[in-house]
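In the block that follows, a single chain appears as structure tokens, in the form predicted on its own.
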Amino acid sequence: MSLLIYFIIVPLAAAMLTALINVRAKDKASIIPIVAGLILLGLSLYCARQLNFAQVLIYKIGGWLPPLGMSLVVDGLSGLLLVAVNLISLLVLVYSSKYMRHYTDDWKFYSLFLIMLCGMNGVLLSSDLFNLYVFLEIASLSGYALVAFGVSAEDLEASFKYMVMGAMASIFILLGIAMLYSYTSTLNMAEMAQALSTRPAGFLISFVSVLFLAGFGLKAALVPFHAWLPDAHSSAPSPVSAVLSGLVIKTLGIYALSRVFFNCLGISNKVLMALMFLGALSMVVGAFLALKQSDIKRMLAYSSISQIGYIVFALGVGTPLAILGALFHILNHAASKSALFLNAGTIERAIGTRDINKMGGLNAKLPVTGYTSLMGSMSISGIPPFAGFWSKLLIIIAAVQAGQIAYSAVAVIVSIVTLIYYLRFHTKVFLGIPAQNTAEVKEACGAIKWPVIILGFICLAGGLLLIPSFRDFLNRGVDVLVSGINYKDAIFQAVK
């Protein structure tokens, strides 16, 4: 599977070419990134299809076997997220081709975006902890720059806060990796799982678990590690906000946390209990803070914290059904929140404000924005037949089956609160009497509309992934996490 290396090469080469070619063709800055996005999506779908015939796809760089060499690995979990990351990134790039034109030197945005995409792909493909950390840092550093892209005082402050919190997370993660390396003498996750399975879980593993929980919790913006996210999401350009909320916190936070705890360290009851508690806390705190917001993007940011809570809580329940719900909710939230952040950018561009109280009657002026926002809102709120309903239903049923009645009641209540603030958002922004600042508003061009239409369709029809014909796409990811440290056996077999 030498094609796996192109998940790294294509975005890096496209970033470089975008910077070079822009000197002569400044109005064509988005062409190369969109072509790169199409290639990456095609590669992702091809890998997903190949997983029908092989449990693991592996590419040994230079032909060197682990632990001496670096390997890129795609299994059911990383294959699932590769499709999501590259599909939504492509849609955001198409949207950005028009949206980012009012920024000076928009080619810098595309170069940074592609580097961040390279980092996210690298995290998903890494088979050893150090390379996972390197790619995580590549994506994070690009994210810091993209949050500050508008270079206003607010943007720079938000980026600085994001950078400081991100640096703390990186220190925790790197320290945990160093301690594990000193204990196991390897960085390869499969070999590390093999070494840990033959040794008793002592204080060092418990301490490393705390470090990883704090580090990846910061990257995922779990409460109480969430302080950076509302400012970063509200200050960044809307395409950046869409990717940060839809992809970055899930790839650098949720995926990395799941991979390390389930497939490397081996999940313990203490860790599961911690994940359930932190997930429930994030659900509640994020939802009630979102309820008080009048800024659209800050409301969506706090909503992301709440929905990440659902995912982490489901992972903490730990049963196959709960993990299925968690992975499905990752996809549903990525689509719905990306659509909502892109639409927030369209609204802000049209009327010059993000204050919900200064809007009204936009559905008549921006029908595509209004209806796709409704689809995204209803999916996140868990209203049938939208996709978010099915993932939340799976999570709640799994919690009840596991005997977590109190936690499942919290999940239901938070979903009701979520519906309340999204109904408030839709009523004030799109319904009612048109505000005075909407007189000249009109629907945007196709490059702005079609990405959110596709995302809205995913929000509506995403539940079809649960039917038997498509469910293997999700089940392969579930099997990887349920197998726990037995993940190493599939890797060793593929290497041989």
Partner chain sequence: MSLYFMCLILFSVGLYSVVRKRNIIKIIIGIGIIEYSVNLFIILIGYRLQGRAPILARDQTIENMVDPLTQAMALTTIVIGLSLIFIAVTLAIRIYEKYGTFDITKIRRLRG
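On a predicted model such as this, the values are computed, not experimentally measured, just so you know. Numbering follows the first chain given and starts at 1.
The protein also exists as the form predicted together with its partner chain; that form is not presented, and the subsequent description refers to it.
- The candidate spot formed by C459, V482 and D489 is out of contact with its partner chain in the predicted complex: none of the three has a heavy atom within 4.5 Å.
- Among I405, V210, V412, L156, the residue placing a heavy atom within 4.5 Å of its partner chain in the predicted complex is L156.
- M179 is the sole member of A364, I420, M179, V400 with a non-hydrogen atom lying within 4.5 angstroms of its partner chain in the predicted complex.
- Although the partner is absent here, Q194 lies well away from its partner chain in the predicted complex, with no heavy atom inside 4.5 Å.
- Contact check for N263: every heavy atom lies farther than 4.5 Å from its partner chain in the predicted complex.
- Its partner chain in the predicted complex comes within 4.5 Å of no heavy atom belonging to I416.
- Mapping the unseen interface onto this chain, F160 counts among the residues with a heavy atom inside 4.5 Å of its partner chain in the predicted complex.
- Judged by heavy atoms within 4.5 Å of its partner chain in the predicted complex, the contact stretch among the candidates 250 to 258, 228 to 236, 278 to 286, 315 to 323 is 228 to 236.
- With contact defined as any non-hydrogen atom lying within 4.5 angstroms of its partner chain in the predicted complex, the contacting residues in 127 to 142 are F130, Y133, V134, E137, L141, given in sequence order.
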